[in-house]
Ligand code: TXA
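Just the one chain here, laid out as structure tokens, in the form predicted alone.
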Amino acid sequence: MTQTRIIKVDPLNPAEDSIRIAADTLRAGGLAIIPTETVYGIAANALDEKAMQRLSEIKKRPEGKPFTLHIADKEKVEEFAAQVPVSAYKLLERFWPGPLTLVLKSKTALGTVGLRMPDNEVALEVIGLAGIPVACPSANLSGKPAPANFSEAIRDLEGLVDLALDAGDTKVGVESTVVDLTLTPLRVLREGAIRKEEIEKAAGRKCILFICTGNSCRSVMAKALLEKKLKDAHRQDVEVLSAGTMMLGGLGATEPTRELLAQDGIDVSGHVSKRATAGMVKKSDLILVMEKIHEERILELVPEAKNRVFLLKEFAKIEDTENLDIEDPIGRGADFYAETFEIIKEAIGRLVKSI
């Protein structure tokens, strides 16, 4: 039997040495009890066959039944999962880091993979420094309850693991909610810390992203006008975003944009421009761009979004065989700004009827 090394750690500010020892233990094929926000878990290097065999024996896990992988970065999802649906990005954006396990199609093998990003500083630092996929089932023997504090975790596992990090009580104390996203509609396999109703609401909420160049005029107009239409219709089932393809961010709406929207009773004085990110695109059900060049930039960023990107004029079925672009009014006169605003306003009026 292994002698378990126990290290007490500050849950909010863990010592670097403690994190390094835990990460080194996992890389070397050892097992370590670590805290998460839900319950304590037994962490192991998922790539180490002997470590996983030890873990399976402790947990009495049936052969062939995989363990959930814990990651420290949302961007790691696509390293392990394939054909990730839009609903998955909505859920991880809303609940990660947090008590949610997503079951997705596996990228590296047949079948599925469970992924979770825990909301616990100790766990995130250990996983991140280890730099390996980490399996981390609850730190209890088969038939025993999942441990919400360290004393419960170590009670039956003393001598069965190489290392144990004592961070006191966990924050949540209930196991994560498990959602299968390989099915349509999704299925909640285990209702844990997050209620089924919350999952279904977040996954089912439509997300629309407007794109222009600098996110200071056209996409601002479109977002503000659609949000007003939705508010007037008492609809809360749609999230509206806007962004630009330029590298710059942090700018406000242009003065003509503020003035034109103010005439419709809309205040965008607090708008701050954002650059379009892969995360925004991946969680959006519909991406509406002002010009063809914006479509090209978005598809360079996220090629798999091809069937969700449209020119706003085209999607709204505004007939203009000569030019489907809504051109940039910056540097043009007030009349051009006003014409641009009216085109976008018409497009939004048509759009709101179809979402």
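All figures in this text were calculated on a predicted structure; none of them were measured in a lab. One-based numbering along the sequence shown.
The same protein has a further form, the form predicted together with the ligand, not shown here; the description that follows concerns it.
The stretch that touches the ligand in the model of the complex, counting heavy atoms within 4.5 Å, is 111-119, out of 246-254, 88-96, 111-119, 221-229. Taking a 4.5 Å heavy atom cutoff to the ligand in the model of the complex, the contact residue among Val178, Ala164, Ile194, Val77 is Val178. Checking Ile199, Ile208, Leu260, Val103 against the ligand in the model of the complex, a heavy atom within 4.5 Å turns up for just one residue: Val103.
Under a 4.5 angstroms non-hydrogen atom cutoff, the ligand in the model of the complex lacks Ala46 among its neighbouring residues. Heavy atoms of Ser56 never reach within 4.5 Å of the ligand in the model of the complex, leaving it off the interface. None of the heavy atoms of Gly128 is located within 4.5 Å of the ligand in the model of the complex. In the model of the complex, the ligand sits beyond 4.5 Å of every heavy atom of Gly29. Shown here without the ligand, the chain has no residue in 192-223 lying with a heavy atom within 4.5 Å of that partner in the model of the complex.
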